[in-house]
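Only one chain comes next, encoded as structure tokens, the form predicted on its own.
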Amino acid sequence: MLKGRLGSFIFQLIALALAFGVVSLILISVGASPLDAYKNMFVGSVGSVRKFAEVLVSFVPLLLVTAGLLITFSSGLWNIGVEGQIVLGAISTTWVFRYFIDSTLPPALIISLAILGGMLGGALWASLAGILKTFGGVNEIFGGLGLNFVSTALTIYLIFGPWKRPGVASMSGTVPFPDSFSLPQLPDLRISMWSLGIALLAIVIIYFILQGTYFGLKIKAVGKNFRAAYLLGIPTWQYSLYSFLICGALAGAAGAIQVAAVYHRLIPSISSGYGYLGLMVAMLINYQAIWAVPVALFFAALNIGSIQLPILMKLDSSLSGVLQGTLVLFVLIVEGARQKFMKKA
């Protein structure tokens, strides 16, 4: 087993080196120094407490989404609709805040209800993809993508329609909520330790569900062999729906955090692409929850660090996305090569 783990680690290092090598060639081709680019990205993400706090702001929703996707991936499902589930979580949270805007209830209770509302909204939106898959025979990839478009359109409609700012609608989003509706943040920083705690608690719970419960074992059995699990008496369609609901709830929590701790209102791009980024993180860690925290933190650091590239080197910040995608691609290729090599050995 140790040899297998060591071999897997070596192959992952090879994939990492290949990814950085390809991105370095791209940088050289446009006349930029790879070392300077990587240095600026590093300094831009951990060069100060404020910058690292911004990394954590990005890390929280990414980790929540990744935690949810680990469940659906384990059950053999590609929950591409997770992006829309983040959006519905944000919409639901906004609705709760608006409902209680003039309430005399304690702000802490309202925030808790708003986050729970976001989780419920995300879960219900995910259940639509699950129902289409289970009862309609619609592939979850196509169903999820369709629901993503609907959620985006719904956000735009609400911002420019019923929830528009007084007098004029604005792409900046709805009217900001009172400060009392925000999760407490560290002084002079945008990160909330409450949101960070929620994300870390979520990945710990998912880890123990998948590693130490009969429920997790049945989820993985359904993912490994759907028909065999059914013949063994596992209610397969129910567990497929359970996985969608759990993933949707965690994605909805990510959307709720975006509203309650980051933007303090509903904006058109509230999901910030964390759904698709979470898919890459989940694939990169080979669906193993124990690696979710460091890899999600690494991806968040790339996101924030790349902001320095246009400022210092006149390079587009999308370079981090190129690196992330290339890394996932090479990990998948190298993992396939490793498995083929191990079989021959």
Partner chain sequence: MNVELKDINKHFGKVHANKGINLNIPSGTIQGILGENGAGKSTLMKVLSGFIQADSDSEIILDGKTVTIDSPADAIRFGIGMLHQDPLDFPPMRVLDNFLLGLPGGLFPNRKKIAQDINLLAKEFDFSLDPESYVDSLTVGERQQLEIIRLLWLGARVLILDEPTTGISALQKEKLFATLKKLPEQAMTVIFVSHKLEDVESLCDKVAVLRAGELVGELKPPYNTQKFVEMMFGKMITLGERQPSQTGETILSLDNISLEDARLKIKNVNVEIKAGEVIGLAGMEGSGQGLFMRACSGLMRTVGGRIQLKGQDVTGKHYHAFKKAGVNFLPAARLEEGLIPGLSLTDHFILAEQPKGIFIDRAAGQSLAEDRIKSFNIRGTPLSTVESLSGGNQQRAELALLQSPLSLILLEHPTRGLDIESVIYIWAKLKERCKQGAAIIFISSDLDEVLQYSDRILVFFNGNVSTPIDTHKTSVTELGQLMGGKGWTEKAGKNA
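None of these values were measured; they are calculated from a predicted model. Numbering follows the first chain given and starts at 1.
Below, we refer to the form predicted together with the partner chain, which is not included among the displayed structures.
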Quiz item: Would residue 232 sit within 4.5 Å of the partner chain in the model of the complex, counting heavy atoms only?
Solution: yes
Quiz item: Can you check whether residue 225 is within 4.5 Å of the partner chain in the model of the complex, heavy atom basis?
Solution: yes
Quiz item: Does at least one non-hydrogen atom of residue 214 fall within 4.5 angstroms of the partner chain in the model of the complex?
Solution: yes
Practice problem: Answer with yes or no whether residue 133 is in contact with the partner chain in the model of the complex, where contact means some heavy atom within 4.5 Å. | Solution: no
Practice problem: Answer with one of 96, 221, 262, 202: the residue that has a non-hydrogen atom within 4.5 Å of the partner chain in the model of the complex. | Solution: 221
Exercise. Could you tell me which stretch in 253 to 261, 151 to 159, 138 to 146, 206 to 214 has residues with non-hydrogen atoms within 4.5 Å of the partner chain in the model of the complex?
Key: 206 to 214
Quiz prompt | Within 120 to 150, the residues that have a heavy atom no more than 4.5 Å from the partner chain in the model of the complex | solution = none
